[in-house]
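So this first bit is one chain, no partners, the form predicted alone, shown in structure tokens.
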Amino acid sequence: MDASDQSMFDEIVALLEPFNADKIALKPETDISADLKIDSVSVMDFVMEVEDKFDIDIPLNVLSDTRTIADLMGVVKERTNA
């Protein structure tokens, strides 16, 4: 993971912390919904925070294929470079 990826990962992890009730160690392969046991409403709240932080829009059809932190990083990269 290069410096820009690490920076993005750190920012996403910071946004996820309020949803990480069990305080599990967050890694790129962490499944945002299943591993953190957060419901769909909380996932949408989190996604809105990511959209605001990175000034992007993530369409629902893209979101449905986004499971892990690494998946989300890929979406953010793609949307910020578009």
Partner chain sequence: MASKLLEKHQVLAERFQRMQSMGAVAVGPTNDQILSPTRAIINGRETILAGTNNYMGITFDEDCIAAGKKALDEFGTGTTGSRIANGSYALHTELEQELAQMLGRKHCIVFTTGYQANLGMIAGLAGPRDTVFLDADSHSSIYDGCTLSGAKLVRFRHNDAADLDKRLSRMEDDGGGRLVVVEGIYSMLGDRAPLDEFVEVKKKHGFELLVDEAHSFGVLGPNGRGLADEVGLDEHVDYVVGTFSKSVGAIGGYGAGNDPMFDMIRYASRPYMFTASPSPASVATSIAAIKRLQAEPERRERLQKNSARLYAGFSDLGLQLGCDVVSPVIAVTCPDEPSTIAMWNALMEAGVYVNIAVPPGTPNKTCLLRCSVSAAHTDADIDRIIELFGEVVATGVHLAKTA
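Keep in mind that what you see is a predicted model, and the values were worked out from it rather than measured. Positions refer to the first chain, counted from 1.
Beyond the structure shown, there is the form predicted in complex with its partner chain, which is absent from this document and is the topic of what follows.
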Within 4.5 Å, heavy atoms only: does residue 29 come near its partner chain in the predicted complex?
no
Using heavy atoms and a 4.5 Å limit, would one call residue 33 a contact residue for its partner chain in the predicted complex?
no
At 4.5 Å between heavy atoms, is residue 60 in contact with its partner chain in the predicted complex?
yes
Stretch 6-39 - residues with a heavy atom within 4.5 Å of its partner chain in the predicted complex
39
